[in-house]
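Only one chain is included here, represented as structure tokens and corresponding to the form predicted on its own.
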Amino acid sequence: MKAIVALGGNALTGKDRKADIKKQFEETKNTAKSIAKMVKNGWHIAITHGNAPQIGALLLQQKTAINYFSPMPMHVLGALTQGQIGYIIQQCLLNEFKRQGIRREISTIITQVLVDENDEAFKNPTKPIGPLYSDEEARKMKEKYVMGRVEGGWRILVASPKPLSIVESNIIKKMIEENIIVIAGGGGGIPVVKKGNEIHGVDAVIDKDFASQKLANEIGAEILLILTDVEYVCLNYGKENEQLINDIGIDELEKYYKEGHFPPGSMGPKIEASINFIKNGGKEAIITSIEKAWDALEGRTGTHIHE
């Protein structure tokens, strides 16, 4: 079976989401144990991941060095985090595989994601990222970024366009079919637009769940496994009438989504990505916690979404 394993933020940093490098290695070692179970049982996988803490740290470093170096654009920072996080995942997986006697190759692909330069999101960048900046710092940053005033200062504002296609999807598919484990689409991928016959990076942040779904469909994955902080998706989350969802069809799930059960800032993108995956030919989307990944694939836990 072929699957996309989409790692949530705490898979790489722990629940405090801090970018301390020692903590990243510790948490990724734990995540590697769950992934090793899938590989040992014959799954062919590509791994996607977020990058919010890491890119936030890079932006803070740029803030500190603003008087010495010109700030780098967001798309370059995205590439840097893909290499950084890919290295950590590769090393932790290789070490875990050696412990368990698994012989599989692993490779990170710096992944570009095509977006529409006319996407409405570019007309009004609203997603704040990175640290706070003073008025003086913000004036300098405006040479490279769109800046927006927030409580306490200024932050970089970026657009969040929908992904159209994964530039490297064909090579990722070939590598998976060659039994190579691929780490791809980090942080939602590097956003690029077409200009004539060329592609060029743009400052934006693509939602990692939407990018994972797009990659899953383009490589023909049967399963989209989204790993997050919770074991189940819930209706009325956190309320007295909270209800776990174990098994659900996309028509019923879409009804709940339209009723507002899944907020945009948390479970909403995961639900939308799961629905889109099934509508575009996927067999099943599963949402569960990192610790329960293998149990969910075996059908013992997690929220299972199908046609």
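What you see is a predicted model, and the numbers here were worked out from it, not measured in a lab. Throughout, we count residues from 1 along the sequence that is shown.
The same protein also has a form predicted in complex with a further copy of the same chain, omitted here; what follows describes it.
S.K.: Identify, from the list M72, L132, A121, L235, the residue with a heavy atom within 4.5 Å of a further copy of the same chain in the model of the complex.
M.R.: Exactly one residue meets the criterion: M72.
S.K.: Out of V76, L164, V146, A138, which one falls within 4.5 Å of a further copy of the same chain in the model of the complex, going by heavy atoms?
M.R.: Exactly one listed residue reaches within 4.5 Å, namely V76.
S.K.: So, a 4.5 angstroms cut-off on heavy atom distances: do all three of A57, G83 and K174 pass it with respect to a further copy of the same chain in the model of the complex?
M.R.: Answer is yes for this spot.
S.K.: So in the model of the complex, does any heavy atom of N30 sit within 4.5 Å of a further copy of the same chain?
M.R.: It does not: once a further copy of the same chain is placed as it appears in the model of the complex, N30 has no heavy atom within 4.5 Å of it.
S.K.: Hey, in the model of the complex, is G201 touching a further copy of the same chain, heavy atoms inside 4.5 Å?
M.R.: The answer is yes: G201 has a heavy atom within 4.5 Å of a further copy of the same chain.
S.K.: Should T126 be classed as touching a further copy of the same chain in the model of the complex when contacts are defined as heavy atoms within 4.5 Å?
M.R.: Judged by the heavy-atom cut-off of 4.5 Å, T126 is well away from a further copy of the same chain in the model of the complex.
S.K.: May I ask you to state whether V192 is within 4.5 Å of a further copy of the same chain in the model of the complex, using heavy atom distances?
M.R.: Yes, V192 is a contact residue.
S.K.: Tell me which stretch of 209 to 217, 149 to 157, 227 to 235, 192 to 200 has a heavy atom within 4.5 angstroms of a further copy of the same chain in the model of the complex.
M.R.: Among the candidates, contact is made by 192 to 200.
S.K.: Quick one: name the residues from 92 to 109 with any non-hydrogen atom within 4.5 angstroms of a further copy of the same chain in the model of the complex.
M.R.: Stretch hits, in order: L94, N95, K98, R99, E105, I106, S107, T108, I109.
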